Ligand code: 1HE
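In structure tokens, the next block holds one chain alone, the form predicted alone.
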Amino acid sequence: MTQASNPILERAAANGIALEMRGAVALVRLCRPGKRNALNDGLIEALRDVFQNLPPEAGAAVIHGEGNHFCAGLDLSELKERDAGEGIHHSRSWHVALNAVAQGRVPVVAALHGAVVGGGLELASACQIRVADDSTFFALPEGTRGIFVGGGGSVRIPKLIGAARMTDMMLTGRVYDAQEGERVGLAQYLVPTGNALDKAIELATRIATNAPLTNFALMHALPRIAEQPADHGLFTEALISSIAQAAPEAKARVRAFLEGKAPKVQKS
């Protein structure tokens, strides 16, 4: 599928989002390098449209940023004055877009470099896996600018680093470098500068070979189970486990393992 033949991709490209298929991996690129890939409404809508309409052959996705930064947050030059009602609807529209990333059809890996700031960190936190390179730095400057996160960050980021650390970042403007960010949980992988995209594609390629129903369960069931009371979580786990293992692909994979045709887990 090419952008020239697809109206959704044409509109996305006009608003700063490019999609490229690399085998079973959808590469989604933020294309506003002159603005450090800062987020505006057009880019957010394009992100929503792309993730709601990924090609059927996509088994995983990677989000990355063009230029020297992943995403420097909200484009403040386009910040509009809104009354409370308008502000609520605007924030909710961003929730829809980032939910399309977090709760879509396929797992998403973020390849991080340079600034991962404000809305950029909100976007990264909507992905299932985050790979940072040594140039990455994380910040939430909204608190020092008189505003508040509005793209789901208050829900997702504390689940990664805890409410106390997020509060500190917003109250004081604290910036975490790549090593600190990986240590506290803002990223699961840390690689040398310039290698984040390659590592993210490697991980996404591996993820795309998993059984689709298992990937879906990990994206949609596991986060909900983690928030349920223990008894409810165990019941949900039993339901999802039985559904996943009943899939024909799961049965074939287990049979291959038992017949010695599948690789065993080894220390890397």
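One-based numbering along the sequence shown. Predicted, not measured: the structure shown is a model, and the values here were computed from it.
The form predicted in complex with the ligand exists for this protein as well; it is not shown, and the discussion that follows is about that form.
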*With the cut-off set at 4.5 Å between non-hydrogen atoms, does Ala46 touch the ligand in the predicted bound form?*
no
*Exercise: Asp75 in contact with the ligand in the predicted bound form, heavy atom 4.5 Å*: yes
*Taking heavy atoms and a 4.5 Å cut-off, does Pro229 contact the ligand in the predicted bound form?*
no
*asked:* Just checking whether Arg145 would be counted as a contact of the ligand in the predicted bound form - the rule being heavy atoms within 4.5 angstroms.
replied: yes
*Just one of Leu186, Val101, Val191, Val117 has a heavy atom within 4.5 Å of the ligand in the predicted bound form. Which one?*
Val117
*So which stretch, 119-127, 104-112, 178-186, 192-200, is the one near the ligand in the predicted bound form (non-hydrogen atoms, 4.5 Å)?*
119-127
*For the three residues Arg29, Gly65 and Phe138, verify that every one has a non-hydrogen atom within 4.5 Å of the ligand in the predicted bound form; reply yes or no.*
no
*Is any part of 197-218 within 4.5 angstroms of the ligand in the predicted bound form by a non-hydrogen atom, and which residues would that be?*
none
